[in-house]
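First, one chain by itself: the form predicted alone, in structure tokens.
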């Protein structure tokens, strides 16, 4: 493969060519010949000496986001330094007059979505999905005359389900001091009207979250996931709150692996009652444990044979 030929000065033959980033010119450092004019540059065409000047002179802004008012495309009024106070007040009145009234009604809800996202440590992807869902509901007139808190809680919970973020209905409802049934009612109303299918929450996600909270080994989470898979195949999770089943699966895995954790600790980590963990554990003990232990022994036997064969 031929080497790329270096650029040479047509006058003196030097390869010491420099680029002037301000003008976009290529100049020979030996004889000073301007070889090319107007090379495209990615550099800024302005300079700033402090943060305020940077904001004023920048040509670009933050990316478009459904979480931001007007998707982040709202117009700000700058240049007050050179304009009279009367002119600035007039511009602001005009801006308020032409602003979309629907966008103004959505802004408080977007603020609440950001507040609960910060409190529950919800990722940006989920926050944006919640904002999109709320905008869809507002566009169809579904939020009018209803509790804003309940509607925000409903879209946040739905977004968590859609993006597989393990947050329970209780987590979301308690932030607004609402009852779970009230949020659940708003949740069902919204998505029946919007015609959007929300996938059921996955117990496996909660199992990993619980293990992380209790600082349990990765193998406990892996075994709990296997328990949950068997339970699902047997229909033992039907009609059960996934987080409660996940807590019971982690408890079972801990017991079999000789790791001491109480039902109270599991209940606190999963934010459910001890009674829930106890009842789900009894069901898993009866239906799932024999199959899981059998599969686990078979897996250990295969691993031992593979190790012996590799020696």
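Residue numbers count along the first chain shown, from 1. Quick caveat: nothing in here was measured; it's all calculated off a predicted structure.
As for the form predicted in complex with the DNA, it is not shown, yet the points below apply to it.
Trainee: Have a look at 177-185, 210-218, 145-153, 121-129 and name the one stretch with heavy atoms inside 4.5 Å of the DNA in the predicted bound form.
Mentor: One stretch meets the cut-off, namely 177-185.
Trainee: Considering non-hydrogen atoms and a 4.5 Å limit, which listed residue (195, 235, 199, 239) is close to the DNA in the predicted bound form?
Mentor: If I apply the 4.5 Å criterion carefully, the residue I get is 239.
Trainee: Considering only heavy atoms, tell me if residue 275 and the DNA come within 4.5 Å of each other in the predicted bound form.
Mentor: Although the DNA is absent here, residue 275 would touch it in the predicted bound form, with heavy atoms inside 4.5 Å.
Trainee: Under a 4.5 Å heavy atom criterion, is residue 268 part of the interface with the DNA in the predicted bound form?
Mentor: Heavy-atom contact with the DNA at 4.5 Å: absent for residue 268.
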